[in-house]
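Read on for two forms of one protein chain; each stands alone as structure tokens, with the labels structure 1 and structure 2.
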Structure 1
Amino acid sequence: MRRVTRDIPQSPRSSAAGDDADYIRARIAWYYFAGGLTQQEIASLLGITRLRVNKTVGQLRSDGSVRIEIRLPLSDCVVMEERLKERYGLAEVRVVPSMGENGDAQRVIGEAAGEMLEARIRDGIGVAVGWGRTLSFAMTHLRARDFSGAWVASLMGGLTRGSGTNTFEVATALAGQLGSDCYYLAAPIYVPTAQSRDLLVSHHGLAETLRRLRSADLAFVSCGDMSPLSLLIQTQTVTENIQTLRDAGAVGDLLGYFLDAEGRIVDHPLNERVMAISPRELAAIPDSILASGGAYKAPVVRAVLRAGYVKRLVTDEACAAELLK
């Protein structure tokens, strides 16, 4: 039988943490119960024996350290959270251990973001939601309830094919968990011309969704970089414009708007064709959560934070370390 292995980067460790037993226990708990790594993968990652990992997992289960959630703090992550809050003026930050630039990373960031979102949900709330794999993972951490007074709306137009991460699908999943109504910007993320965008937003259905979005209580978003890992970069419309976007200084996108390193919308025709509220309008929503991570995402996450478009952040250690440089 062929053995499948994963390339997992070494996690940053503060000198204060050293080989402290609680630090190792917390790492093992997080990687095993939340990260889904095997005991051998954890042993290799931490530079300890598999026997020690196995023994620690058994102790964690029996002594109550791990129940539904991990109760051991990760001091490195906590320090990063406080530093990020101070540097970027954020209301709340959650930093999770890095899992590498793959689906596992998006899953654990999404699940942590789901916990943050869960804590802010109430009946009567209006939630504006974006798209992406990270946000789709967050839906699994929301309790089902009957909040008929709440509503959900998609912040942007979508793709023409289903992927489970499309804004229409993420919004539908969230509304389903809340038992609430759902409203859509039922158009492609990019329309052919700026004039066609003006015409579409005058349509009474789309105009109503835009009105709701601007009156939302909470926004839940992600952002995209300029690499092929980005869903948006994979679309034909963006692929055809990728070089001119880079020439204009774009480091990534938020709600389909391409931003420079300071978070300003770059001067490019594609930004005039976006079916979404603007980043400035996003900033006016009273509460907001950005869920995004990986070192490769740091330039666009930094741009979003510098411009003050969001109030809360969920990311991983790799991205956090870059943001704090």
Structure 2
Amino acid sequence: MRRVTRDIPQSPRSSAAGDDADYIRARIAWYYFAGGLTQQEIASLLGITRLRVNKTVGQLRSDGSVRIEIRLPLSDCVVMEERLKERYGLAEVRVVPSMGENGDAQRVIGEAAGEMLEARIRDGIGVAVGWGRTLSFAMTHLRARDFSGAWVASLMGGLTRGSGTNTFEVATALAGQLGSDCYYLAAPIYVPTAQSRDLLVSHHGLAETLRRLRSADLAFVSCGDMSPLSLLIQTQTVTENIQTLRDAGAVGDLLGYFLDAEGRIVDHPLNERVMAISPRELAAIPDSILASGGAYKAPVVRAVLRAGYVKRLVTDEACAAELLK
């Protein structure tokens, strides 16, 4: 566990250049998004290339420096939110429209989840976070306020062979945004054997992080399905076990634990080796947000909801429709 202070955004800029670049960024943001000037106009106004303007605009969009708020609720979605709340006894549900094949659902869900998360952050709060693409999108949509009294901890171990995504990225980013402390469950998500799990837990700060996690006020998690697209499935450890997991009735994972259609942890050796708090412990956390969508994830999401592991849900139309069938 380390203290994270402020290593989030476009960092490696030195002295004068950094200020200048930030200044240009801010000006571009205003001229383009508020003023509606054309990229070429901005370029000549600022004496830089259109290309640079173009790139900066792209950055601004994705790094959350400009945020677009849509004030037109989609009636269908609102209806589904209510029905989901009632059907699964949830405290809050947000359904966003599904985007066709292209513009990926993950991002839109993540952004909506970020808003829900932001609304629940308060000073002194302890937040337990998982990882995954959806969650990392949420990070761009948080307003960076200072909550130095708060703390963040990662709910689950990391991947050793990082496939592009740093698995602690979400926790780091959140702690950075909040200016709060961050505790890592610095271990692989799957340890070699059940014994080594016990060994690790007794060791190090892992025990402390786990203790902290159990006293968290809010959990922010996603879940994975069984398709080869899933981040978790791509890890070697899981790939080796995928067939036996399927045979055991697994429909997907929550915090690395594979669940059956009813949300029960399936009987499989892999589930003995997970370095993360258990779904049952997750359910004991006072408040929690599950962010997952896409029709193909509906089976896992349904499993998680049926078992009552989480209190709030952010998903998309396609998944919501499946959940309501």
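By rigid core we mean the largest C-alpha set that fits within 1.5 Å across both forms. Note that this is a predicted model, so its numbers are computed, not measured. Sequence positions of structure 1, starting at 1, serve as the residue numbers.
Between the two isolated copies of the chain, the first is the form predicted alone. Superposition on the rigid core between structure 1 and structure 2 places the CA atom of I48 2 Å or more away from its counterpart.
With the core superposed, L37 shows a C-alpha displacement of at least 2 Å between structure 1 and structure 2.
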